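This document starts with two versions of one protein chain, written out as structure tokens and named structure 1 and structure 2.
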Structure 1
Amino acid sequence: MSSNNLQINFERLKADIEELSEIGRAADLGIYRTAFSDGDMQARKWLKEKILSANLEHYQDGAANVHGRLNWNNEQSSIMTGSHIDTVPGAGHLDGALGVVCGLEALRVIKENNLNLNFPMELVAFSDEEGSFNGMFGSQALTGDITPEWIHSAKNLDGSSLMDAMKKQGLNAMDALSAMRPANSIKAFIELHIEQGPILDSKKVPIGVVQGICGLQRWEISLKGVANHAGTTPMHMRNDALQGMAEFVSQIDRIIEEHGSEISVATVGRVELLPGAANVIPGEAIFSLEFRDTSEAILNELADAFRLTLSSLARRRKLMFEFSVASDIKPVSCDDDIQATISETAQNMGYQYFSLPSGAAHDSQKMAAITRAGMIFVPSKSGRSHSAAEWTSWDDISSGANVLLNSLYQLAK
């Protein structure tokens, strides 16, 4: 196969990435293309023009997902690729955008080469992946996961609604209910994305073959002791809630080692002490715990271990322990055949590759509900993401785009 490898037009791809990165840019503060903002709408217009000038068919569904179609007919199922072009506030130029522009380039190369295809091909840019409103709006609409209530309740941090934001741009959010695609209309989906983690960068490997997307549980935990005067309460007469929390935080590595997998992670990222004064012993510590893995069984085992550690230290320290589960998102496996296609393609093209999980959420995890889904990762410099400091070398981008192109062609031909 090596001799038959297709090649992306690197200069064209690079120019597209650079053009798109100027849309919504606020000088050195990064890119602002939050969903349905003017920057986002301008990027959609840019993408539409690129699709049309590549002689692909432009289609916008009810969720305002932008599609570019090759050999489209309404009878055959398609090979789909894509990601999103909306961003977090102050974003870098790659998250989401890279997968859309590389997908566009892949379809362009296949179109230009007049290659015979057994299946139509489809590029997609999903709406509001980043969650300016509820998050993964476009892919959830496409996979039939949203309801009228979901649409009505979707609000951003300022309290403004998805309904109003779309209306301002001449769109009707309720149309998203019509965007649902029958399961058999998509034969396979591949998303290329930056890793947003440090693994490929630290291993100097350009291609990541994603095994699955981590599920997660997010807990809100409270340990309650007794607030007391920090000067007059002897050490042995204290019920210090922070001491309990510190013991728990110090046990996280042990719990991951004993009950997790090699890829399990757990984080306490938010802490509030009450009353929270330097001269008062903390009466209550309220904190988040988030843990992720690609295996639901391991997530459940970790949950048991965290609960056991918390309840036993609380009993010993005479603290009251309460928790609630704020999020419980199931892990998703990537399709084995698609993983194999990506691996073989990388191998044939002479690129090193490495199998790894995705710790971050992606539209692919929604797509996996209705089709075979896979992901290609390229390295993120120092794992940086959701920041203007996000960076991937042009060599790695070129390698990733070529693996995407040839993997898609393998599936479509």
Structure 2
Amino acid sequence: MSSNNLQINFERLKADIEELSEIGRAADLGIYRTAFSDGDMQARKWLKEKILSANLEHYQDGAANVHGRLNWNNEQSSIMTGSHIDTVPGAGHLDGALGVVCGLEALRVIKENNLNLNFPMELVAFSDEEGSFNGMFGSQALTGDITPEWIHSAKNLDGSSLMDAMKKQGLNAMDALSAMRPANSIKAFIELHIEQGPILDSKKVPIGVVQGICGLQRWEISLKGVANHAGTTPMHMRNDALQGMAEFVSQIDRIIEEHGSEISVATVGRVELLPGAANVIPGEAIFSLEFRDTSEAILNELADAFRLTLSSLARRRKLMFEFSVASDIKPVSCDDDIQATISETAQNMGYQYFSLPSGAAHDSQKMAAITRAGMIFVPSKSGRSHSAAEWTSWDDISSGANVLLNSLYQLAK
């Protein structure tokens, strides 16, 4: 590698990753740091202490996003990096956390080397990226994508409100309205993240340069038929809601092939049958449908195809068909110049890299609305994520952290 390249302090970075991974870890080895839980608050305290011990400025905004700042003057736009430290239940130790810890390490190295910067630098750990309260609360607040109504209505799957969860931790959710940043206050944003998929691992490539982040639509669908006796109702006289759902699911591959792209995906992940008895023909099938692509036009074409297929089979099978759109997240493209900076940095450091889209949503998706945004991926072993089996080799973590460090410095100098 070129002697001109900055290098992270790997042992310090490794120690930070291991320390943070113990916060919220349970007997099943999964990590439980859902947003505004006690584990999440403990991790925030840990991060604050690390920021202050590095002689960086600590700041927490109204959405409880945790910031670390270098050469901050509140006048110039900043070069920002970060991700999130909240988790899904039973999570692995790298999703989100890796981007925060590597961002912290990047700012420390730049400060320790007394490097000249033309722009301030900023680390952020966003609140509730995992959507415990049905959104990416922290990055939505920072980009002005929330309203008082959104805050009041935000609830988790247990029905607990965001307002109550934050109040329990001494926070006021309505303060999130003050977290919005002007677009000109952030010059660029880079997020380091594990891929959460198998592509880089299968190719044995350590660095992924993210081209864009998939948008998604998530529907809640109901097919209503007639519940009837399973033993006395002839097959040709049934209005079986499950049969209708099964026919629809069998058409998903065809619809993707005819109307999607090579990266389009669609999933039925949750099913409920009513009345749900073994000897009763299902009178209603309630299920989710989620589909993703990096093209908004393709998402719209898929939506039309799914709707027509559902309508046609419902009419033929004498079923009632209803659906509502639970989520509609637009796809975004990563900034071309930031992609080029990441690619050139990886090449200069002797790392192989591969350009690919992100199938998962990330805070960068929100940040792209107000600034130039880009992402660096590192491989996920066997594509595993959102589980205790999540793993990335230390070599790949070191490579990703070095590419992040040098890319940030290129932008800030």
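It should be emphasised that the depicted structure is a prediction, and the values quoted were computed from it without experimental measurement. Residue numbering: structure 1 sequence, from 1. Rigid core (definition): largest C-alpha set, two forms, superposition within 1.5 Å.
- Matching each structure to its source, the form predicted on its own turns out to be structure 2.
- Going by which superposition fits each C-alpha best, Val88 and Arg292 move as two different rigid units between structures 1 and 2.
- Superimposing on the larger rigid part's C-alpha atoms between structures 1 and 2 leaves the smaller part rotated by 12 degrees.
- Summarising the core-aligned comparison between structures 1 and 2, the C-alpha atom of Ile221 is found to shift 5.4 Å.
- Taking the core as reference, the C-alpha deviation of Gly260 between structures 1 and 2 is 3.3 Å.
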